[in-house]
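In structure tokens, the next block holds one chain alone, the form predicted alone.
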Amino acid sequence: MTEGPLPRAEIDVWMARLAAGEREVFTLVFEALWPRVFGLCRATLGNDADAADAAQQAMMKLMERAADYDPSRAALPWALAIAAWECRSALRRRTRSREVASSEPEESASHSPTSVDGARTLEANDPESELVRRDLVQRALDAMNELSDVDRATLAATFFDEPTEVVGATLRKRRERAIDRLRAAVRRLYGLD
């Protein structure tokens, strides 16, 4: 296993070599991408078991589709997009299985937890809270897919402590612009102001 996060440029080179058919870099690509893919899946799905399943599916698809990788684009956003798709699929399966398994009548709103001001509070184990969280994650992923590779890489560097080629004021400005574009994408996709 490699020590610490691997520079993206090196991942791009290895992924391009894998796409070109050099199978000896398979392990290097896997070791470089696994922690990042698993981290995204864990953050999205909320538990290690589901995250491991989704991450494994994502890595299988990534390796199966290695020949489809475009070396002119960054490998990490491509890999994370595949992982995000697997997370969305897992969330859909989870929702469908709960709908089928749910045979108990819903609690009335009067029995749900409320705050001091009477507004409904969402607890960690509350199914409604989980659905709201999933919906927010889905919306965030959809909006992220609207961004450029540079914006996605900047946000990944910001939120996943990924190394980046730029630092200081340049990184702060890129982050500010990427977040502004992310907000605009959310507004455009979901009509939120």
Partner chain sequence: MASTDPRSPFGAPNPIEPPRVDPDPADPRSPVAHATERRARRAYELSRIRRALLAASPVLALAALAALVSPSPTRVVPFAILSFGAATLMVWQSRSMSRAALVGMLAGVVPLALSLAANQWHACGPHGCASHGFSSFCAPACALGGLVAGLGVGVSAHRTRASAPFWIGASTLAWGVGALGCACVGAVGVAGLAVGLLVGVMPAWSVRAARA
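Since the model is a prediction, treat every value here as computed from it, not as a measurement. Residue numbers count along the first chain shown, from 1.
Beyond what is shown, the protein has a form predicted together with its partner chain; the following relates to that form.
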If you check in the predicted bound form, is A20 within 4.5 Å of its partner chain, heavy atoms only?
-> yes
Can any non-hydrogen atom of A67 be found within 4.5 angstroms of its partner chain in the predicted bound form?
-> yes
Evaluate T27 for contact with its partner chain in the predicted bound form, applying a 4.5 angstroms cut-off between non-hydrogen atoms, and reply yes or no.
-> yes
Looking in the predicted bound form, any heavy atom of A52 within 4.5 Å of its partner chain?
-> yes
From the list M144, L45, A156, M59, which entry has a heavy atom within 4.5 Å of its partner chain in the predicted bound form?
-> M59
Of D135, E165, E31, D149, which one comes within 4.5 Å of its partner chain in the predicted bound form, counting heavy atoms only?
-> E31
